[in-house]
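Single chain ahead, written as structure tokens, the form predicted on its own.
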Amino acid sequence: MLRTLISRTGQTLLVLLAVSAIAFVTFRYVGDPVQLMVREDASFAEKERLREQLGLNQPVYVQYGRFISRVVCGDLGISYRNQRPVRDMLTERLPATLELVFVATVLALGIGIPLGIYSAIRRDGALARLLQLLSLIGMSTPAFVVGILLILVFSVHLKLLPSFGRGETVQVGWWSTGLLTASGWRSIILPAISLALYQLTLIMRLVRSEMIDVLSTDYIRYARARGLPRPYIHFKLALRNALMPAITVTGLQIGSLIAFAIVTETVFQWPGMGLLFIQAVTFVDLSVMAAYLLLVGLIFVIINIVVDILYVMLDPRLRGSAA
């Protein structure tokens, strides 16, 4: 286990360096933030003076070196648009995104796994076939279309749930949460469903496929021949092995939820990191854009490490090699 953690930590540093370098270099070609920061009739000398103050007149490798040196010290730079520390802006938006992803993940796992198990056990039934059809529709429909349809039905026509915003929030230390208020829960339902739908259908189909394969193995046939109870066979023997591939996919999909929350947060105007990134792209706020991708890359790597640890915990065969 210790060797695995050390190895993954080294890989984490390399991945973050690669992500930050690619992001930093790519964003140089998005646009010129100086053009958006100065007034329309600003002279060339004024623009050059501002570019020099921001350090944008230096070579890319020098700017990247300064960026990395600041990141190591915990400084993510200053937002060009808001003139505020990027770290403070991400800290303010991080709770909204993580809460949205948490609720979406709970929905995807809490509904997707049971539906996958049912579809595998009753795979020839009419309801299982209907679930398979609905899962194809869920995987094929873009998140922004799902979000717009949810707003149209539940906000515009039925007027049951709010169509935008996070609702009322309360402060718990530095963390602002909407999960402790009724308004916050009503506001998170639609964006969480929109964000979770694709992951839910993916997990359902994956669990179904793995369960069908496991249920056809020899040791399951032997367990049935011994007269073991069906719940024990399905949920103790089969499900444990069927969940191994699902853990990997689920872990990666949680990272994808954070990355692709950009679309959902934009549709529902959810005040999270994704919406902040879209605003940063609009105003060519390079510091915010680079810091956001660096943070998302870090979250992806941490999730992968957690998945590896769960693999070792669930599969005894891996414990010896991970020691």
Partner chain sequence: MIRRGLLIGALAALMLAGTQAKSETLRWSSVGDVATLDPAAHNETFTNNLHLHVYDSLVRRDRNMKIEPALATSWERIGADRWRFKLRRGVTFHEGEPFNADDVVASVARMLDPGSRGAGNFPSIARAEKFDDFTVDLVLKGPYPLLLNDLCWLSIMSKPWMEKHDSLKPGNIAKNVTTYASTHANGTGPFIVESYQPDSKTVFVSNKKWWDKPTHNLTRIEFRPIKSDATRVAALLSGELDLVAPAPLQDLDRISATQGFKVVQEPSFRLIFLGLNWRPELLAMPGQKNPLLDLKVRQGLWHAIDIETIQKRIMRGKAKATGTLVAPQIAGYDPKLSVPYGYDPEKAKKLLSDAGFAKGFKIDLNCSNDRFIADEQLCVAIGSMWAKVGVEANVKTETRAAFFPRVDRGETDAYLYGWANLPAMDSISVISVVLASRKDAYGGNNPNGLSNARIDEIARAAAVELDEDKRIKLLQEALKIARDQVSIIPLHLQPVAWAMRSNLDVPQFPDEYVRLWFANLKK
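The structure displayed is predicted, hence computed values, not measured ones. Numbering follows the first chain given and starts at 1.
There is another form of the same protein, the form predicted together with its partner chain; it is not shown, and what comes next is about it.
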Problem set entry | Residues P114, R122 and D124 all lining its partner chain in the predicted bound form, heavy atom within 4.5 Å | no
Problem set entry | One residue of V156, A182, A225, L133 in contact with its partner chain, assessed in the predicted bound form (non-hydrogen atom, 4.5 angstroms) | V156
Exercise. Pick from I247, L237, I151, L109: which residue has any heavy atom within 4.5 angstroms of its partner chain in the predicted bound form?
Worked result: I151
For this session: Answer with yes or no whether V38 is in contact with its partner chain in the predicted bound form, where contact means some heavy atom within 4.5 Å.
Result: yes
Exercise. Is Q83 one of the residues lying within 4.5 Å of its partner chain in the predicted bound form, judged by heavy atom distances?
Worked result: yes
For this session: Tell me, yes or no, whether R205 is in contact with its partner chain in the predicted bound form, where a contact means a heavy atom of each within 4.5 Å.
Result: no
Exercise. Does P271 reach its partner chain in the predicted bound form if we count a contact as any heavy atom within 4.5 Å?
Worked result: yes
Exercise. Among 251-259, 57-65, 42-50, 292-300, which stretch sits within 4.5 Å of its partner chain in the predicted bound form, heavy atoms only?
Worked result: 42-50
Exercise. Can you name the residues of 57-82 that have a heavy atom within 4.5 Å of its partner chain in the predicted bound form?
Worked result: D75, G77, I78, S79, Y80, R81, N82
